[in-house]
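First, one chain by itself: the form predicted on its own, in structure tokens.
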């Protein structure tokens, strides 16, 4: 493997958990794209920072997930005894065909364009109820009090989680993001992941029993019935994929709303433009996705030897980390000021939802939730201002890029 040579005096080109990188990864991406676009990391993965290579890897069937073997290569054979890794190995997100095709086929009907568009009135209702509750306070944390509640409520609706069970989900920790990062976890982080996974398993097993006795028009009922037809879904797959759907159903949308609001308030001209032209919101959401993606990376494994990807040979079994946030600002695709926020930008094609067979199931739902949330907030709280837009508190994770808090007043 061709290691990229670095002297002792130079900072690593790719150190995604450093505070500087978490705060602003984009200068680091620009350096990667220009100096070493297929960089090799100290932990042995290739890093694709340009749009051309990243988009190809996401769509090319010569690359797959190969989750179990990839995880064993990183941690050793005993790692799959850890409950959190065993659970993740059953996620449809980590599967290759035919298992991926079977699992995704069980849930895809819940995310059709028509069904998602039909949820718009409910999404508007949740946003309005949230603002009704806090509008008189004059101050809130835009993440915890606003961005977080909407997608959690909607995914609870979709999964048939009873109203009386939901408060624990509104107040639960958001510490799981490290599980997806490419930098290996410490034993303490693995223990924390196991504990969170166990808590989720215990709750969802109770929900499965409830839905067996009282079926509803929800995704959990649908999957429980598929599990009872044992050829479609095992119990381990059922539990793992409900956990995935709950997490994926809110995590990235919280970050899309938060990152978008921060970007607007750091660019007052764009904020004023959107307030004067509310019809720009749909295009603005695409630009928020491009400008500061809530998912920064998606990984694949070479299923065969790849002779040339960006000038490098990728041996079978090697991982390629596609830097979505970097590809979204590649001047080769966005020649007009790629580092500027421009809500009128044309032909935006963000890679933020991945690509190929793993294109995010909930992409359209996330777009609509963000559209309704941001447009309603700007309409109802005209004098909204961030307390400290230049020094926001980011979550200490890389793959899932989002804010820990974002205090605001009006």
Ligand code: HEM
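Positions refer to the first chain, counted from 1. No experiment lies behind these values; they were computed from the predicted model shown.
The same protein has a further form, the form predicted together with the named molecule, not shown here; the description that follows concerns it.
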Candidate spot 92, 111 and 252, all three in 4.5 Å heavy atom range of the named molecule in the model of the complex? yes
Is it the case that residue 372, even though its partner is missing from this view, gets within 4.5 Å of the named molecule in the model of the complex, heavy atoms only? no
Residue contact check: residue 130 to the named molecule in the model of the complex, 4.5 Å heavy atom: no
Answer yes if any heavy atom of residue 100 is within 4.5 Å of a heavy atom of the named molecule in the model of the complex; otherwise answer no. yes
Does any heavy atom of residue 365 come within 4.5 Å of a heavy atom of the named molecule in the model of the complex? yes
Partner absent here, but in the model of the complex, which of 348 to 356, 48 to 56, 373 to 381, 27 to 35 has residues with a heavy atom within 4.5 Å of the named molecule? 348 to 356
The named molecule isn't shown here, but in the model of the complex which of 294, 270, 153, 220 has a heavy atom within 4.5 Å of it? 294
Interface residue in the model of the complex among 321, 302, 245, 238, criterion: non-hydrogen atom within 4.5 angstroms of the named molecule: 245
